[in-house]
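Included below are structure tokens for two forms of one protein chain, each presented in isolation as structure 1 and structure 2.
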Structure 1
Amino acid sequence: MGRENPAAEEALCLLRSRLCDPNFIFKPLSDSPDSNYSKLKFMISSSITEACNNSVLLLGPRGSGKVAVLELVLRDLLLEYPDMISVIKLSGLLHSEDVCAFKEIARQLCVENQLLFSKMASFDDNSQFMIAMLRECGLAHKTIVFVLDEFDLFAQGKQRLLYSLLDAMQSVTSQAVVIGVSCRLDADQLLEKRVRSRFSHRKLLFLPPSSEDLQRLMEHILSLPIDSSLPQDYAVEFNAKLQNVLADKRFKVIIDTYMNSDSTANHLLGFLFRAVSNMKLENGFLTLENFEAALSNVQRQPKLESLKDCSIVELYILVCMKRLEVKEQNSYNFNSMMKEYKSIHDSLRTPDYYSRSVCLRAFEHLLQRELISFTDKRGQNQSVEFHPVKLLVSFHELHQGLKSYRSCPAILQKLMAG
């Protein structure tokens, strides 16, 4: 069971809750004046104070924090200018139909202004209502902020909603800001000519954080606060050990390998959550092993694990099939594989030569384990030996599997390579 370490448990809870809170994560990324947060905030606040309409598009891969930063900006602006902003949120997945969209806008406007919403209102009524509300809010110096999530889905069909919104912004009487969020870089190319003409081409690109930003982000998230309910010396020692881990070269290799395929902030947070959960509660400090374990947890290779459980015969079969594929034989079956096996045996004088029946048994075993399979489902009447087969593991995975096999004969490795 181990010694109960309440401080460590509390620290674990704190770290986990931080990792799940997007506001906390994106705050340090927003402090510089050059960041997207400050640009967006300046844009919206100047639209509010100067009462001019604006539209902006937030672009970036999924998980790069577009909606999180937007929420942060809106929250700060609602604190700064209470009663001067009302926010209407639409999502392209739910409201891409014009009728649904106008209904939802009308409903949200009613909720904001404590009016009664009627479900029976027609499309015409809803759009007239929206225009009237825009005019009223313009007179009252209240800005309406429209947030359109999955903006590229609104650009399907006739784009009536986008046209009406952007056209309403062309009139002097309304005061609105339209913010589109999309992961498609060419979202504004999807718009019709006249809608695109009314859209002011402001785009904010959300790029994945650079390595310095990543380093700073990890320090910010994982460092424990000194002046909190945690014991001070524990927190100080924790932070010192953390600094050591972060500066370690092997740690950099781990992070680089992990972020090589997906470098968004969200992806990193998943990894950190796993690492933090691996923290041993006895000593209560984050070590390099936690991160290494998290990496191996994430990069699971189910086929490799199957390969590790294979017998030597099965490995021989797989290697022979690989050689046949490399020789560009498009279809081969058990018999051709046996021929290849024989020729290897003859040329290299391998010590283990298995009989045909043993190989056939191993072959069926591989078929069951789905490491190889038949190329087509027809002709099941044919016996197993004549049926064309193919490999379901890639050459790279086979290579990895042989390397990590506990007692792989050297000949197999040579055969793989050559």
Structure 2
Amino acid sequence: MGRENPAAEEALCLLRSRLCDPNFIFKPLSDSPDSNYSKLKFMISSSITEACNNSVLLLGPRGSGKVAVLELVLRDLLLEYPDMISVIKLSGLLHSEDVCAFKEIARQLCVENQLLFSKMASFDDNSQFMIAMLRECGLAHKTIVFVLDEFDLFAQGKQRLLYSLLDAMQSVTSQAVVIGVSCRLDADQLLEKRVRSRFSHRKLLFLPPSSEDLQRLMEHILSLPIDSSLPQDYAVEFNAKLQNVLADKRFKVIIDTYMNSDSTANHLLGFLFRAVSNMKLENGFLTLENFEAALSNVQRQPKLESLKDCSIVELYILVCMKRLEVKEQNSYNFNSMMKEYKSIHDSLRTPDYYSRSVCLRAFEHLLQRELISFTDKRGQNQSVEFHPVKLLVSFHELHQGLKSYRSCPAILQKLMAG
């Protein structure tokens, strides 16, 4: 395929590499002065140039781009101030214990400043070393940026790390920035009073992208560059067809359907990667069908999957229960279902008829599969046959399940339609 259309193969590789590169994806956000990128960069750069201390929390749901934007800011600042900034990174998943955290800070400071690190150093030694390095870096007009990922985990326990760090920053000679990253919006409320009094209470909230941001982001990621190794005519035609897809009302329905489950940027990137991977190299263009296929691949429907594994007798039971609900019989049990099953068999003379004991075992299996459940927890000692139950499968799900069931009896389809 690649030999038939090398331009399409090159375009596919380019789009995939873009979707795996956070720096490229979030770069457009730096254009706006109101973006979190601009605000965060201004705060850190002012701390560097004005030799002051600062602290901030980056808050938002997982996948909203907090770490990606932070990495983009730090990368740009390291290019602008190569000798005036040092970055220390900790994760609450690994370093929430104070002893471990101070040791990791000491290790990274030693690496940054080409010093020998002692694994045998005590907690107090590492703590004093951190304070001394803050003072020395401050005198050398060098800012230390502490990145505390999973910040809320550092707020557990005695919070000695946070207190020692923020307290050391009260000194005139120190020069540091503490950046906490957390998916908990109340992360600052977890801080002890002594820690909270030393925190600046600056917060940047990362929200799901708006519809305008989504459109701009997709155009930025999926449009091919005109001035590249790709044939110019191909790139122009590719971008024109892409604009037609993005403007299509059916595409907007697909995106809205997908983003309703999770509207974070990371979720969108996974969807776009699947759509790009569906692009056929023969024609070399993204089509609406590529996005429809991506949507069908990622939409999990566990109940439909469970229905495919049901036996015929279990399908009969589900259909009978659905018919009872259609008849507005809100409270029913196994015995009620069996009466409905018998009436169907007597009126239609169905070839499939199962004994009561077989139906009861199938009924219990449906309870275990959680396709049906008891209406309440009262009377747990009551016999299964008499305990009121309810259906956990909607009419649409059951109808779709029967249609996709290979050996589903035609009578069941007829009963659902009737």
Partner chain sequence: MPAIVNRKPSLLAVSADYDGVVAVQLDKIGDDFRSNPLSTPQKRTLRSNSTPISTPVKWKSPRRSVNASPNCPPNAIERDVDGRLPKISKSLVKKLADNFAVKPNWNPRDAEQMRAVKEALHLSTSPPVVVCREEEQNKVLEFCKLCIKQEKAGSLYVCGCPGTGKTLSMEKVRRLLVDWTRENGLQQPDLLVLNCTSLTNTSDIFSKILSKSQSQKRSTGTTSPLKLLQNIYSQKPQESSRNMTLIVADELDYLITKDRAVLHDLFMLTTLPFSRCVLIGVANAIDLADRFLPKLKSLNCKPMVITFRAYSKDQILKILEERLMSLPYVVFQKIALELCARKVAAESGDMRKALNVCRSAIEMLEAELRESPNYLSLSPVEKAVIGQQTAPAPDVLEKREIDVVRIDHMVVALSKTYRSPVVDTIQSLPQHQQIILCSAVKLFRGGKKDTTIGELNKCYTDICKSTLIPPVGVLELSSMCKVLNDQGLLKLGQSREEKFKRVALKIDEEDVTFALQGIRFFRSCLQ
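One-based numbering along structure 1's sequence throughout. What we label the rigid core is the largest C-alpha set whose atoms superpose within 1.5 Å from one form to the other. Predicted model, so just to flag it, every value in this text is computed and none were measured.
Remark: structure 2 matches the stated condition (the form predicted alone).
If you fit the rigid core between structure 1 and structure 2, you'll see the Cα of Leu15 move by less than 2 angstroms. Ser347 is among the residues whose C-alpha shifts by 2 Å or more between structure 1 and structure 2 once the rigid core is aligned. Once both forms are fitted on their rigid core, the CA atom of Leu90 lies less than 2 Å apart between structure 1 and structure 2.
Taking the rigid core as reference, the CA displacement of Leu392 between structure 1 and structure 2 comes to 6.5 Å. Taking the core as reference, the C-alpha deviation of Leu307 between structure 1 and structure 2 is 3.5 Å.
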